[in-house]
Ligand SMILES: NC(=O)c1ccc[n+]([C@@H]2O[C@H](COP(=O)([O-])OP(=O)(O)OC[C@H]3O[C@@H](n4cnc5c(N)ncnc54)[C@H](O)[C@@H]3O)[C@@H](O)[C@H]2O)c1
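Next up: a single chain in structure tokens, the form predicted on its own.
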């Protein structure tokens, strides 16, 4: 691959992906609205840019083979705050991809697109959208945008519904954990699979208690290896009995299922400081 573009490169997960993505292409162009990182890889070029600026995105994606789109506000916030980076930014990426004849968009979607579904339902990739927040609604919008641009304009997309890519610090994460190694594997498969069309896949490790079904995404060859089960006994003892009538415990969205619209959900996740 000659040129690969990564948005959201200054974020935590974008930072995890920079080095492995640099090995898949001749030129890796990374971008964010923030300043450049302190150091770059040998074939990496950083461009500071705003997702809300369509001409900037068109310029950024010129000559690219694929774009890995992780750029966005990564938490619930007022709709007006999310509108430009999460909604309009997604449109700008797909429109810029189309105008530049970019083959595929690999998109960091989220479980929050279906966050109000019950975890006991063991949903598949065909589960209807049921967002838990404005943040989840933005993921629904981008997934539908991806479907539209595939059907009408031939831009392939892999929408990765990431569950929780952070340390296992709470009972929800025993099922929802996605390790960094499995994240890298998932993104690599989304890039290297010869034909994807429009695909959805859950970003979750090989957890014994994973609450989602990836069987219909097997064509991507995503075979996660890590498992959160070794953490289960200690985490369950620490958290104690959970209220089954609390949507924060019973729904896929966890705390995002109970926060008021526009209020942070990340603040309730009990994350390790290294994961924030």
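This one's a predicted model, so the numbers in the text were calculated from it and none came from an experiment. Positions refer to the first chain, counted from 1.
Another form exists, predicted in complex with the ligand; not displayed. Remarks below refer to it.
Engineer: Pick from 118 to 126, 188 to 196, 105 to 113, 150 to 158: which stretch has non-hydrogen atoms within 4.5 Å of the ligand in the model of the complex?
Structural biologist: After filtering at 4.5 Å, what remains is 105 to 113.
Engineer: Give me the residue from 268, 258, 24, 10 that has a heavy atom within 4.5 Å of the ligand in the model of the complex.
Structural biologist: Exactly one residue meets the criterion: 10.
Engineer: Using heavy atoms only and a 4.5 Å cut-off, determine which of 226, 239, 62, 50 is in contact with the ligand in the model of the complex.
Structural biologist: After the contact test, the surviving option is 50.
Engineer: Within 4.5 Å of the ligand in the model of the complex - does that hold for a heavy atom of every one of 173, 247 and 253?
Structural biologist: Zero of three within 4.5 Å in the model of the complex.
Engineer: Looking in the model of the complex, any heavy atom of residue 70 within 4.5 Å of the ligand?
Structural biologist: Yes, residue 70 is a contact residue.
Engineer: Is residue 44 a contact residue for the ligand in the model of the complex, using a 4.5 Å heavy atom cut-off?
Structural biologist: Because no heavy atom of residue 44 falls inside 4.5 Å of the ligand in the model of the complex, the answer is no.
Engineer: Would residue 202 count as a contact of the ligand in the model of the complex, using a 4.5 angstroms cut-off between non-hydrogen atoms?
Structural biologist: No.
Engineer: Can residue 216 be called a contact residue for the ligand in the model of the complex at 4.5 Å between heavy atoms?
Structural biologist: Flag for residue 216 set to no.
Engineer: Using a 4.5 Å cut-off on heavy atoms, what residues in 121 to 143 are near the ligand in the model of the complex?
Structural biologist: Contacting residues: 135, 139.
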